[in-house]
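One chain is shown next in structure tokens, namely the form predicted alone.
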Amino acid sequence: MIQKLSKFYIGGKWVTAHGQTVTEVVNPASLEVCATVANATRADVDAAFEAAKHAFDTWSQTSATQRKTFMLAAADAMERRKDDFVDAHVSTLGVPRTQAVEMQIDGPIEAMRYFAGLCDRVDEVEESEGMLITREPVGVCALINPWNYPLLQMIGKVGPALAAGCTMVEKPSEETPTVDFIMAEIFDEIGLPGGVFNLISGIGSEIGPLMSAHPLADMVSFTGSTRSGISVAEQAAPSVKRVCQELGGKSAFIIAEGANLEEAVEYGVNNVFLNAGQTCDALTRMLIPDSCYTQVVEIAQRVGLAHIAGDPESASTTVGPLVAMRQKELIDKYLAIGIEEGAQVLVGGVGYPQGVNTGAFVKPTIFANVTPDMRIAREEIFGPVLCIMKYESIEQAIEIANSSEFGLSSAVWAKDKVAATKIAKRMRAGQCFIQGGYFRVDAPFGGFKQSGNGREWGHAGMDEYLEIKAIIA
């Protein structure tokens, strides 16, 4: 049955879209249409921002306790609708059903509760010799979300915006919009005041510019490719909006001398194959000491071959499809490039996985003998593709790691935490996971260089939605 999403959530009501066109949402495993979603017009965008602007004066003056109550109610409702969220992620993104809750849903629920606990941050006042420093909500926010972690990325923006007292217009990716519509239903169910959260949908290249440049928007938060992020910044610049961008990555994972190779290599392979490699901070460059090369290759091959790519409904599947056929074509292109450049295929390669002959599937792939000049070592592939690279000294490893134009994330596994931290401090990236660390909602997340500006998550993510005011006597 095809789900038809023909209305937007604007001003606390479900309203019919002004336009007549729709986008078909395709199940990437079966290539069948699973939903249709209305495409917003300029009139819809204007109506959503008008509603957010109208609601701002009241919502921004609510108490921290009131905002917290709404957010905790939303988190409770998210718990009740876990099954719906699972279905949405499986059908639109192809997440293996057995992994959906842990990978895509538990984190956002935790995050909504986490940001609810930060509502009091708006009321914090610093006092110094007759001067008061206060925080106020930035205003109306344009929130443009990606498809790879649709619920997590949505709450990473909506959560701090609500806690700060901002109002918002949110647009999901056209590939995975059903998750956002469930959240709109939740906000409606809990009685969130009309206009605080407004949902529209449409093609990103058409609606994104209207949102980024909208005169009623005070801030734009965008997650996506670096190329699209540049466009968002250009559109926002004439009105001097605040712009928060979480963009591309080509993150390096340094395995140092003395590390536990079994644990480190397994961690690295599993990290890159998670979510079919569609993770912006995936550790896609594994840098290993030349002296450990043979052992690392053996471990990586064994761990890689244990992964099964296939039907997301199967209990044995560990790697589902990519989000769309265009992504499959792109990844297959990069796999062919890697082979042409002379990289050694340890696992995977071009073509469909065993037992699969349709859908947006690729073989989870591990390349060895990769050199820093290869395109597969420099460009963001955004699929389950790991590049193993040798280094002769830790200085060379750090140099290779930092040579990327990106700087979103990184990782180090050394003989102990002290040794790993010493290396981590020299990594030019917004995050560094040491000794097998994992994502945390209270850790600031964002990039250096072309990986973006600003931060999400943690106190720093909350602060993106606040203005600082000095009251001087």
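Worth saying up front: this structure is predicted, and the values here are computed from it rather than measured. Numbering starts at 1 and runs along the sequence shown.
We do not show the form predicted in complex with a small molecule, though everything after this point is about it.
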The small molecule contact in the model of the complex: residue 158, any heavy atom under 4.5 Å:
no
At 4.5 Å between heavy atoms, is residue 267 in contact with the small molecule in the model of the complex?
no
Under a 4.5 Å heavy atom criterion, is residue 227 part of the interface with the small molecule in the model of the complex?
yes
Look up in the model of the complex whether residue 171 has a non-hydrogen atom within 4.5 angstroms of the small molecule, and give yes or no.
yes
Quick check on this chain: which one of 359, 204, 96, 364 has a heavy atom within 4.5 Å of the small molecule in the model of the complex?
204
State the residue from 195, 137, 146, 108 whose non-hydrogen atoms include one within 4.5 Å of the small molecule in the model of the complex.
146
Only one of 304-312, 375-383, 285-293, 328-336 has residues with a heavy atom within 4.5 Å of the small molecule in the model of the complex, and that stretch is 375-383
